[in-house]
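First comes one chain, alone, set out as structure tokens in the form predicted alone.
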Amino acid sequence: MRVLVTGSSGQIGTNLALRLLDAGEEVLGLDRRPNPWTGRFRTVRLDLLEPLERIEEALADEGWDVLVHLAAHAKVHELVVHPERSLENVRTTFAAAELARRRGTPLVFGSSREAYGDVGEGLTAEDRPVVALSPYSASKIAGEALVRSYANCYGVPTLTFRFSNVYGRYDNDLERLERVTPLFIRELAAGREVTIYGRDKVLDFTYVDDCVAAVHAGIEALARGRLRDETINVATGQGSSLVDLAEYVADALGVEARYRVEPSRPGEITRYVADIGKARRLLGYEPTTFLREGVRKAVRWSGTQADPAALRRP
């Protein structure tokens, strides 16, 4: 099976591509930037905001059995400041859906738990109404609707995953995208204070290996016709606060947890704990790495990427 992965130079895309390769599958990446982490798979340098004719021309000699669309502007607050980027997310999803329709291949879409709005534990089953609290969440809701319309109108087999705070390997390119876990690791390792936006904020952090295990299972089920046109949460089903995260990072580094607390910023979710029953039932999914151990793994991996003096305990 050959899999085309858009956003293949990002965190989930890189980890998924490497997992697929290790499973004996062929991978073609598509991204507008080179992959900073690995050279194990080929990447077509292409922006999905280009005209569709230009995209098709660039991929004319390429083939794939499943298209996995992960490319997106993925930072909530960034899209609050730059809401026009939410429209770019919708445009790239349209391009991916059209590629899948024209090539007659299944489509996997990477969505977000942001589609639920602000909810508590037990309220996140996939049939719950979606709520757009930010331009980013609106872009993912629109993307889901577009993908579902391609299933309904054109018979494209689809699968949508709602990811939740994925962290781990290949996520510390902070100059491009400021993710909270690698940010806390870098700042606390350097002895600096971090800012926690929302003392009572509770989120469901997902270690990247668990995330890509679910997506890999979904790709196989979709390609073999065992599953189609479903929306599935990928998380752990356990909530942790940002204070917990800072404490776990500090403990893994062997440093003091220095932080200050500010109110949550506009558009940010303050509580989300996923219902993962559907992933268990349809994919046999079971998370294996919860936050404290996942943070230790993330710190160890970060230690291999940084100046050894930057981390107190690699």
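Here the structure is a predicted model, which means the values were calculated and not measured. All residue numbers are counted from 1 along the displayed sequence.
Just so you know, the form predicted together with a small molecule exists too; it's not on screen, but the next bit is about it.
Residue R33 is the only one of R33, R280, R258, R42 with a heavy atom lying within 4.5 Å of the small molecule in the predicted bound form. In summary, among the residues T92, T181, S86, T158, the only one with a non-hydrogen atom within 4.5 Å of the small molecule in the predicted bound form is T92. Site residues G239, E286 and P287 are none of them in contact with the small molecule in the predicted bound form, judged by any heavy atom within 4.5 Å. Although the partner is absent here, I12 is a contact residue: one of its heavy atoms lies within 4.5 angstroms of the small molecule in the predicted bound form. Under a 4.5 angstroms non-hydrogen atom cutoff, the small molecule in the predicted bound form lacks A58 among its neighbouring residues. Using a 4.5 Å cutoff between non-hydrogen atoms, D65 does not count as a contact of the small molecule in the predicted bound form. Proximity of E26 to the small molecule in the predicted bound form: non-hydrogen atoms within 4.5 Å are absent; the residue sits far from the partner. From the list 221-229, 182-190, 100-108, 136-144, the contact stretch for the small molecule in the predicted bound form under a 4.5 Å heavy atom rule is 136-144.
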